[in-house]
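Before any questions on how it binds or moves, here is one chain, the form predicted alone, in structure tokens.
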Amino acid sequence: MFICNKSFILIIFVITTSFIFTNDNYAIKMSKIIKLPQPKYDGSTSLEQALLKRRSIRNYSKKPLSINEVSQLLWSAQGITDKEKSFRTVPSAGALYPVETYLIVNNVENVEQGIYKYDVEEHKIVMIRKGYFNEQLSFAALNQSCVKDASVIVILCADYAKTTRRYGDRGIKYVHIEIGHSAQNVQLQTVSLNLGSVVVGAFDDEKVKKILNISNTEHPLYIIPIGKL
């Protein structure tokens, strides 16, 4: 006859629950995935008007962004435009796409604060760190208030090796060109959504990498704070 040992069962329960609730990475991977709404392809602002009105805006209201606005912003940065060929909203040398897009969420309706990575293929965001990070990122960006006050912050990073393996040192230039395409797309999209944004290049690379908790192969190149007007 099998006799259950209550002490043994209790130990197993504690170990199991401890793993579930203390292994943050595991919990994040399992539960902090947000499928983004389908982006719209027919905004009310013409390209010409967006170009005309684009300005660097550093002051934002405290109104939250919607998940639909987040969807549009990330799609404009690196979203898929041709599923069969996996083409994106930006040109990329050799269609290698070395850019990785991160999103720091501070004030978005029904979205928990934290750092998310944009999954281009699935058009979703995956939390990689939970919590409030605007202040830390502002400190890394020479205490710029626009970073601290933003509702969301798009951070464009690049893995140079994806491009330099094919094009050698010339690939570094190609990566920088692609980052520029993405940043301009985001800026024009903010105009179309009646939001404010500014591109920030002054920051401590290593501090930003530590905040994002990214590998040594990825390098942050652009910070884009965004908020309501």
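For every residue, the number given is its place in the sequence shown, counted from 1. Note that the structure is a prediction, hence the values are computed from the model and not measured.
The following text describes the form predicted in complex with a small molecule, which does not appear among the structures shown.
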Residue 193, heavy atom within 4.5 angstroms of the small molecule in the predicted bound form
no
Considering only heavy atoms, tell me if residue 55 and the small molecule come within 4.5 Å of each other in the predicted bound form.
yes
Does any part of residue 65 reach within 4.5 Å of the small molecule in the predicted bound form? Heavy atoms only, please.
no
Examine residue 70 and determine whether its closest non-hydrogen atom to the small molecule in the predicted bound form is within 4.5 angstroms.
no
Candidate stretches 200-208, 40-48, 157-165, 170-178, one within 4.5 Å of the small molecule in the predicted bound form by heavy atom
200-208
So the small molecule isn't shown here. In the predicted bound form, which residue out of 134, 113, 89, 144 has a non-hydrogen atom within 4.5 Å of it?
144
